[in-house]
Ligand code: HEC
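Below, in structure tokens: the form predicted on its own, a single chain.
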């Protein structure tokens, strides 16, 4: 769920339109009329147009009985972001089901879900620009595999290696969407790790070179652009170019010590039964192969979402398989498995957590299991403490 903003300060919340949808009339006032009015256009005219206007741009504020700003359904940045299911939830159950104001009453008794879907289908026509990907293609975010859908998010990521030598990796990730298909991303990694050697005869345990050390990782800056998307086939494909800058504290084992370039493709595909498949494949190109080699990588995530009750919390178990191969003679190829569980934390469903474990499938003497976790805030939907 995302927040609508005209100038990022005055636009209403992204589902405020649903809080007001049909709110100019009560359910009891409409039930007799909707028996005869069966099309989406007719239902919209009966229940919505007096507040939202025939063109979906909103009625004059002086003509409505509340002071909540009316959204513009013709604004594609707003109208395209959410899947139909979220619109129906608020229209059917009322604003509080997603942590919004009670100005939007529950219309589940006056309108069937089929009729609400017809209304939403008509509202979708107010955005006449097909370049904007629909919210149905915004799949849950895996722990490792990148998404194809452009987002407005802030993510805190955590990785903990519990076996000796221990390590804690962190990252703050900021994503900002611009235009219909593009997104910029900035990742700031930092962490701590135990540098105490396994062989104390090599370096004494009390040496300045041993013990827990912290440092900054290599900052990443990326640009994503949607190459194609189809609601009919349930497919989205994006291309991303990322650069990782040599900002890491290499003296403490953080960062590669050289600039790396990462071009890759990401895709998502709707599968039957509320399931989905996401994939990522690309290359990491080193500008100094003496410090780090070129690498190819491929990742895939398979998952399925369940809703707690008809309108409640969303639970999404996923499993990722990760592969990488050094692009040099005799280079190693590695595989990992990452089972995980994502869950929405609040009613608005714009605060999300995911926890899983990274399990190396080879070279396990060196590559250790890790506990992986993130908290995601879709800041376009409102403040972190909104919608609980």
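Remember, it's a predicted structure, so these values are computed and weren't measured experimentally. Numbering follows the first chain given and starts at 1.
There is also a form predicted together with this ligand; it is not shown, and the following applies to it.
- Think of it this way: in the model of the complex, this ligand has a heavy atom of just one of 256, 173, 123, 296 within 4.5 Å, and the residue is 123.
- The shortest heavy atom separation between residue 140 and this ligand in the model of the complex exceeds 4.5 Å.
- Mapping the unseen interface onto this chain, residue 66 counts among the residues with a heavy atom inside 4.5 Å of this ligand in the model of the complex.
- Interface membership of residue 133, defined by any non-hydrogen atom within 4.5 Å of this ligand in the model of the complex, is ruled out.
- Proximity of residue 356 to this ligand in the model of the complex: non-hydrogen atoms within 4.5 Å are absent; the residue sits far from the partner.
- Looking at 163-171, 68-76, 148-156, 303-311, the stretch with residues near this ligand in the model of the complex, meaning non-hydrogen atoms within 4.5 angstroms, turns out to be 68-76.
- Along 74-103, residues 78, 82, 87, 90, 91, 100, 101, 103 each place a heavy atom within 4.5 Å of this ligand in the model of the complex.
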